[in-house]
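Shown next are two forms of a single protein chain, provided one at a time as structure tokens under the names structure 1 and structure 2.
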Structure 1
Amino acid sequence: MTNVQYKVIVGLEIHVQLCTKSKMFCSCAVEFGAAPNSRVCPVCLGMPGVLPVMNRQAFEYAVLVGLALDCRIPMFTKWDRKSYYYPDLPKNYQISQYDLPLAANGFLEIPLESGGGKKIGIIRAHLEEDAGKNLHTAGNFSQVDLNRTGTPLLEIVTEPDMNSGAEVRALATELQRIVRFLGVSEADMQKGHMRFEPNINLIITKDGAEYRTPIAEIKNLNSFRALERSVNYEVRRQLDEFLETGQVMEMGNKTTRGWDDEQEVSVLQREKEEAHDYRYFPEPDLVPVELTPEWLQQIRSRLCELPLQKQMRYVEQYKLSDYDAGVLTAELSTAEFFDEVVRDGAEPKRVCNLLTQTGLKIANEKGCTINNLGVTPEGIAHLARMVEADTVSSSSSVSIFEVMVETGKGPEVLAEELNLIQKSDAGELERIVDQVLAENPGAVEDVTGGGKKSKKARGFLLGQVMQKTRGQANPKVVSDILDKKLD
């Protein structure tokens, strides 16, 4: 039987729309959902004789991402024209960067499903202007909306260091967290703020010889699910094609393919253009950009603790699970709120439970972030301390949290108003325990008998005490009293 083994090779191109107020080379507003072709001007429409002017903030945002990816930032970079004809590109060229990108030779560490991490090389990150958007939903003709034309677009290109759909998804997810933490992009994929284009091929070993399949690039993916599934599908497709036809890289050019999300298959679009097809040449209407050490340092000062670093710190410093730390660092606002509550003296694991199990649930229902719920870090810290001190139970803290959001009242006031303060008076609880034991001799006998019914009977007795105190008894104190009485 023929011995066939293969290795998956994936590199990823990521396009990130930067959240500047105006476009890359003109003053038109960047605004999602505006009426078609209402956010355009002679510059982004490519009218004769107009001149572009660089958006300084977009350039600084791009450099900031490059720094976060440990890239080398050259002090000199320039703009280039990339020529191609397409209906959504009114100038018939795109202002981009070719041989002198603003960031190069970096890396991004991703977490692996098996544990640990893996460094993925970053070849380059360069800035360019986005194209418009073709629409095909109006009937048997197409339309074009040029509002997006000229939006600042950061393209990040990785080394082909990923070996599975899961790793590609992990890198995309991590990059989304980074740009959001830095505040340079909303990274909302439903709005097209992040788009992914994986380049996939296989190294196949057959009967001792090594072959490489032609590279396929899947275009314009806008969800993590589609990204992972398209890579996994393309792996199967290329392996089947090789086994059937023997086609290898030397026999075919790189192709671009679209992704059919309903059928979950990739579809051939065209052979991929090479760099010379775009006729790159220096942009004559823009001067090069020269960074000064002072300017670069000013940009560098905006770097914050990055999400994976923060996640690892939560695990090491606060002994949180990797999953909980990942939930807290999914959004910068949640992580910052957590940090403030902990700084106020609350126990980190207790705070984590309050925020991940209650706070995020309420925030999702209201369509906002935790810091916009109307509760303060001081209030949540006070609630966490009340749970730690057994003043209120964990289940009661959920009710208190919910009413805090609705009323803005403090946790102590609400615990009194809602009658949720736990009874921990041993003398009072002992009298109630004695009463319950006297009323339920059968359950007492089951516990002291030590048989199969013992655990269930003990739970029943504890439940009877809680019922008589309307849930206000401290379960730990009651449990201790039951242990003493039933020994």
Structure 2
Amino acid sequence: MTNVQYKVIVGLEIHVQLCTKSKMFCSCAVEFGAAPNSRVCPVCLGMPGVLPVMNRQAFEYAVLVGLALDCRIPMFTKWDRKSYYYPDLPKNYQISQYDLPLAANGFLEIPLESGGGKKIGIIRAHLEEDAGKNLHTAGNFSQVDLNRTGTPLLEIVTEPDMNSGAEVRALATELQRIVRFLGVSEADMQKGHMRFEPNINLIITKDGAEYRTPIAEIKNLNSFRALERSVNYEVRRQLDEFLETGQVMEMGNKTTRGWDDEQEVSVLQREKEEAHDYRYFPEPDLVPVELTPEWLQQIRSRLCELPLQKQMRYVEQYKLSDYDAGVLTAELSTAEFFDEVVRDGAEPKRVCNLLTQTGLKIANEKGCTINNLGVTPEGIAHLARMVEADTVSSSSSVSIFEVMVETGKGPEVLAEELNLIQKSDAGELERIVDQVLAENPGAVEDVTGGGKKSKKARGFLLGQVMQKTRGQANPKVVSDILDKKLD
């Protein structure tokens, strides 16, 4: 058995659809699922004589992502035409950015499963227009739907800094969180808002010598699962191929592969990296974009605390678990809601429990975000404080939360209405305990007698008290009384 070790090298190209109201170079609405060719105009149809006009919002969104990725933002960028013939590209060129992208040389920090973070280099990010869609459902003919044509796309290219499928997935999910936090993309995978193309190869050490396998690029992946699995598959495939053929990376032997989601295999698409000649040249119909310091500052002012920063702050400042902090920062709306509740003076850990165990569960069922449940951060802060003050039990708080969502009423009113105010009056509770003890001499005997029945009997007695008070007794107070009486 020879000694073989390998290191996985992955770089990623990501296309993110920006959530502007209108398209990149015309005023057509960006809308998913509209009737074919109903969101088009002469400009995005590439009719003779039309001219593009840059969507400033898209440019600002793109710069904002560049800033969040710690990129250098040049004050001068321009547009280029990338030529290729395809029916879903009506002009037969795509307006893109070639040698002067709007952002370059940044990094994105991803959380590692082992804890901590890792910086992944960002080579560049540039804006371009999306193509339409070819449909092959009409027999001998193909049809073209150009609704998507001209949708603003941000292409982000990373350094080959990732060393596993899990890291690639972490980068993708982290980027999704970031663009959602920045409000520049819905990043809805189902709607194709994020598409990935990983470039993968291995550095193999065999008998002391080092070999690099040919790079394979997997095209057009649109789920995190497919992304991670395709990388893992490709690692195994390349290792097997190398051991079988000894093929190493050479000029021009990069391949392009597609991912078969059902078979979970990658399929060869293009044997050799075709000498694609896109004949880039500067787009003469658009003027270069010159940022001013004021404009850049205006964009920068829209940067918010990024998800990973927030997550780490929750862990440090509020002592939340990394898992809980991750759940709270998965969506900006959740994080913002949480921040507001905490700002209203509620105890963070308590708020976290209310939101992650009840709020997000309801929101999930309703298919909405937590800020759209019809409960206010003040209401939830109030509820959290009531639990804090033992006015209601934490189990009652779940029912109160649910009814708050249903009725829109405040927690205090509901606690009264639902008879969920906890009884903590020791005098009254002692009377009830005495009554229960009198009614259940057998159990009392089991407790006082010790042994294995003791714990169960004690629980039984506690349950009896709770029953008599219809759940309103403060279990802690009852427990104290029981301890006192039975010791």
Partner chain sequence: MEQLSAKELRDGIAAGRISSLEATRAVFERIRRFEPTIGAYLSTCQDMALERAADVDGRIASGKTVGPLAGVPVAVKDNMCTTFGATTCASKILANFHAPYNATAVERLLAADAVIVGKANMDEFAMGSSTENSGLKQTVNPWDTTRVPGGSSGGSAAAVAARLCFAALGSDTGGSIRQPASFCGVVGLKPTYGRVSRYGLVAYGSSLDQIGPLARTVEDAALMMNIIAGHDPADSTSVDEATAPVCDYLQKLDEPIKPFRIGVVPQFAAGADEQVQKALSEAMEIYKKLGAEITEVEMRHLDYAIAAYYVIATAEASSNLARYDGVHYGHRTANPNDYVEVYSKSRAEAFGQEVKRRIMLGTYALSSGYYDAYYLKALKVRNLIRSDFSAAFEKCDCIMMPVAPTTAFKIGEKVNDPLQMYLSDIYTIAANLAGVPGISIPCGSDDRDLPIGLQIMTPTFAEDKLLRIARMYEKETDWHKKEPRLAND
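Numbering for residues begins at 1 and runs along the sequence of structure 1. So that the term is clear: the rigid core is the largest set of C-alpha atoms that superpose within 1.5 Å between two forms. Since this is a predicted model, take the numbers as computed values, not measurements.
Undergrad: Which structure would you label as the form predicted on its own, 1 or 2?
TA: That would be structure 1, which is the form predicted on its own.
Undergrad: So, does A443 move by 2 Å or more at the CA between the two structures, with the core held fixed?
TA: Comparing forms between the two structures, the A443 CA shifts at least 2 Å.
Undergrad: Is it true that R56 shifts between the two structures by 2 Å or more at the Cα, once the core is aligned?
TA: Shift at R56: below 2 Å after core fit.
Undergrad: Spell out whether the Cα of Q143 moves at least 2 Å between the two structures when the two forms are superposed on their rigid core.
TA: Shift of 2 Å or more: yes.
Undergrad: Superpose the two forms on the rigid core, then give the C-alpha shift of R458 between the two structures in Å.
TA: Its C-alpha moves by 2.4 Å once the cores are overlaid.
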